[in-house]
Structures are given as C-alpha cells and as structure tokens.
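Structure 1 and structure 2 below are two forms of the same protein chain, each written out on its own as structure tokens.
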Structure 1
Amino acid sequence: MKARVLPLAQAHPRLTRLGVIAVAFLLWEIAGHTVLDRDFISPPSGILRAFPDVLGDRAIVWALTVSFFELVASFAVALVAGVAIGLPVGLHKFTLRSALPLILLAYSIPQVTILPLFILYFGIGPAAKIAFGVTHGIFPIILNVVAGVQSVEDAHLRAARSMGASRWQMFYRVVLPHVTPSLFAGMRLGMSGCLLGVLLAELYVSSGGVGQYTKLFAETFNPAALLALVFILAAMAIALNEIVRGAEKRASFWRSDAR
C-alpha cells in the first residue's frame, strides 16, 4: 500500500499538499462537532456560515477598507523613504561604513516597545498605524537596497565609464537594474513588516478599525465571526504578499539565478 502511495504523492506534490490541507480541515470539522467547545472554536462550516454576516456588516467592511488603506499608505511611505535612504547609503563607501551600523542599531531596537509613543504623537487614528507600519517596513527595504547597490559589479561600472556614460546614465542603466531584484526582495519583506506593524497597532488601539472587531468577537465568545475576520485578514496578507512576489519574479527575469 505504502509503496504505491509514495511515488504517486511524489509525482503530484501540489495535490498532496492540497490533500494535507483538506485532511486538516476535515479533522477540524469532525473535532468541532464532537470534542471542541463551541464557545471557543467553531468548525470550518461554522466559519463559512459566519462569512456573510461579517462581510454584510457595513461597519466591518469599512474597518477592513481603512486597514487596507493604512497598509497601502504605510507601504508606499516605507518604499519611497527606504529607497531614498538606501541608495545614498549604499552608493558611497564612506556613508555605507558610517551610516549602516547606525541603521542596523536602530533596526535591532524592538519597535513594539515604542508603539505607545506613536499613539502619543499621532493620536489613535490612521496616522499612528501608518507611521508604525512604516517603522516595520522601512528597514528591510533600506537593507536590501544597500545590498543591491553593493552587488553592482565594478567591471560593469568601469565598462560603462570607459564607454563614456554620464553619472545619470551609470545610475539609470547599471546601478538601478542591479538593485531591482533585491529591492523587490526587500519590498516583500517590507510588505510583511508593514502588515505586522499596522495590524499590531490596530490591535493595540482597538478603538476603530479591524482591531475593535477582533476584540469584540473574542470577548463576546463569537469564535465563528472572529475566525472569519482573521481569515479575511490572512487572505489579504497572502494576496498582498503574492502581488509583490509576482512583481519580484518579473523584475528579476534577467538574472539567471533568480529563475
């Protein structure tokens, strides 16, 4: 039996993976009807049934929209600022060696601890969440841009210079294409950072936005709605990650090692 199943599973890894997920959900469903307490966890079918309720509530949809825009705004700021800081730091040896350790030092300070400061400075509205998302997303972008600038081969720069490229041309035609793949890698990490920051701030403030509802559902023992909301957030996160990942694949097509 086993000897026949294994090669089959090996030939279709995707199918096997889906199978594993399906089995996990099935076990969850069975457990949900037998051993688990309905006040604390709902079987998948219950979550599915809660989706229309959650998505039908206009206040929740509004909260999700707000969270989504906070996320997009914080990612945009992190991206622009990260590139604006990363490029000059990476382009010169001197700035690299003096500024990079400072950036790494700032990065190693746990940002969660300064969350109350953001509330203090920016209030409990979207501004605090955007700003906090930026602090999470900006560092991977800076570091990857710096690494990308570092990866520019001297031979390419010399060749461009000897062929009479201007500074702008060297930047635009040589440095930038080299930076692009690692920039996208940084964007992917930055996107998960922004997500983490925005959601953390949402949960912390919980006076509006999605955090309010996750708290409400948890405190009123409505696990089906809570899980539905969590799944929507997770789906949003996965979708955004995949978008950046797709863009990353496109942008690094010219590199043989990036596939």
Structure 2
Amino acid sequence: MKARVLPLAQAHPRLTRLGVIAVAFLLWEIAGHTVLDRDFISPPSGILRAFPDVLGDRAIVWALTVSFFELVASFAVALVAGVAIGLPVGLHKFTLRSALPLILLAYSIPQVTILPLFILYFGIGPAAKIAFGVTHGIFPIILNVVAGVQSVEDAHLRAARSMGASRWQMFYRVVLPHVTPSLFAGMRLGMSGCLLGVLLAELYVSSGGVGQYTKLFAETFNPAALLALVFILAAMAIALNEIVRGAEKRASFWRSDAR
C-alpha cells in the first residue's frame, strides 16, 4: 500500500499539497469545536462566515487596496535599489570587501527600532510605509545579487574574453545568467520582507490600513475576521509570488528546472 501511495504522491505533487492542506483544515475544524477557545482562534467554518463581512466593509477593502499598492511600490523600489547596489558590490573585490560588511551591519539592525525615524522623516502617510517596507525588502535582494555575481567562475569569464567578448557581452552572456536564479530568490524573500514592513508601519504609525484593522480585530476578540484578513493578505502575497515565478520562468528559459 505504501509503495503505491509514494509514486502517486510523486506523480501528482499538486494533489498532494491540496491533500495536506485539506487534512490540516479538517483537524483545525475539529479542534475548533472541541479544545480551542473561540475567543482566541476561530475554526475554518467561522473564518468563511467572516469573509462576507470583511469584504463587504468598504473601509477594509480600501485599506487592502492601499496596502497592496504600498507593497508593490516598496517592492519596486527595493528591487531597483537592491540590484543597483548588489551588482557593483559583487562585481569588484574592493567594493565587496569595503561595502559588504556595512550592508551586513545595517541588515543586522532590528528594523522596528528605527521606525520612529521614519515617522520623523516621512510622517504617518503612505511614504513612511513604503520606505519602511523598502528597508525590509532591499537587503535580501542585495545579498542574493552579490551571491549570484560571486558564483560566476573565472574560467567562464576568461573563455568569453578569449573569444573577443566585450564587457557588455560578458555581463549579458555570462554574469547575468548566473545572477538570475539568485536574483529571483532574493525577490521572493524581499517581497515577503516588504509586506512585513508595510504591515508593521501600518500597525504602529497609522490610524487606518490593514495593520490597524488587524490590531482592532485582535483587541476586540474577533479572531474570525482577523484570520479572514490574514488569509486575504496571504492571497495577495501568493499572487505576487506567482507573478515573480512566472517572470523567473521567462528569464530562466535555458534552465530545465525552471520550466
């Protein structure tokens, strides 16, 4: 029996994932009606009933829309800045030795501790949320780009140089293909970081927004609406992740594992 189940799971990984999710939700539903306190956590059936109320509130829908555009804006800025910083740092030994320790030092600082500085500089509007999201998303992109550049073997560069390739051709034909997988890995991590930064900024410095609603639902013991909001945010993150994955497939068409 086990010998049959294992090949079936390997042949249909999507069905396996759906099965695991279904079992997890079933156990959650059973626990929600037996051992869990509904003042703190709601079963999936309660979350489903809360979706119409959450999505029917125009203020919440507007907050979700604003948060989505803040997430996209912070991710775009983090991506452009991360690539612009990561490539020079990784391409030259001098910048690698001098700048990378400073980047790691800045990355090690707990970002929430400098949130008051963002309030001071940008106020409590969307600019502060976007900037704070950038600080969470830019470092994974920089570090992955640097790692991708450093993965280029000298033998490949020497071979391209011996065949008369210009600097631009070496970058486009040799360096960029090596950087692409690491870049997209950094983009996925950076997108999650941007979402975290935006929500944290909304939670602490905003009188509205999704972060403020999560705080409101938690303080009023409304776990069904809170978890419904969390699932909506998760759906937004999954949608953006799928867009990045599709772009990765197009950019990494030569890789058999990216098809």
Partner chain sequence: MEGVVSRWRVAAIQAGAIVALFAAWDYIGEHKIVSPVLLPSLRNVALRLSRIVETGAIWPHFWTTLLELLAGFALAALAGLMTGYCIGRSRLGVIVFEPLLAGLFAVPLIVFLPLFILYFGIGSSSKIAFGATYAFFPIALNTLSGVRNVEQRYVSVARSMGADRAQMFWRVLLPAALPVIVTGLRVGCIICFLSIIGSEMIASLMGLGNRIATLGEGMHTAEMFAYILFVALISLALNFGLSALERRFSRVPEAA
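Residue numbering: sequential along structure 1, first residue numbered 1. Heads up, when I say rigid core I mean the largest set of C-alphas that superpose within 1.5 Å between the two forms. As the structure is a prediction and not an experimental result, all values here were calculated from the model.
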{"query": "Structure number, where the criterion is the form predicted alone", "finding": "2"}
{"query": "Core-aligned C-alpha movement of residue 65 between structures 1 and 2 reaching 2 Å", "finding": "no"}
{"query": "Is_shifted residue 193 between structures 1 and 2 (CA, 2 Å cut-off, rigid core)", "finding": "no"}
{"query": "C-alpha of residue 55 off by 2 Å or more between structures 1 and 2 on rigid core", "finding": "no"}
{"query": "Between structures 1 and 2, how far the Cα of residue 218 shifts once the core is aligned, in Å", "finding": "3.1"}
{"query": "Per-residue C-alpha deviation between structures 1 and 2 [residue 242; rigid core superposition; Å]", "finding": "4.3"}
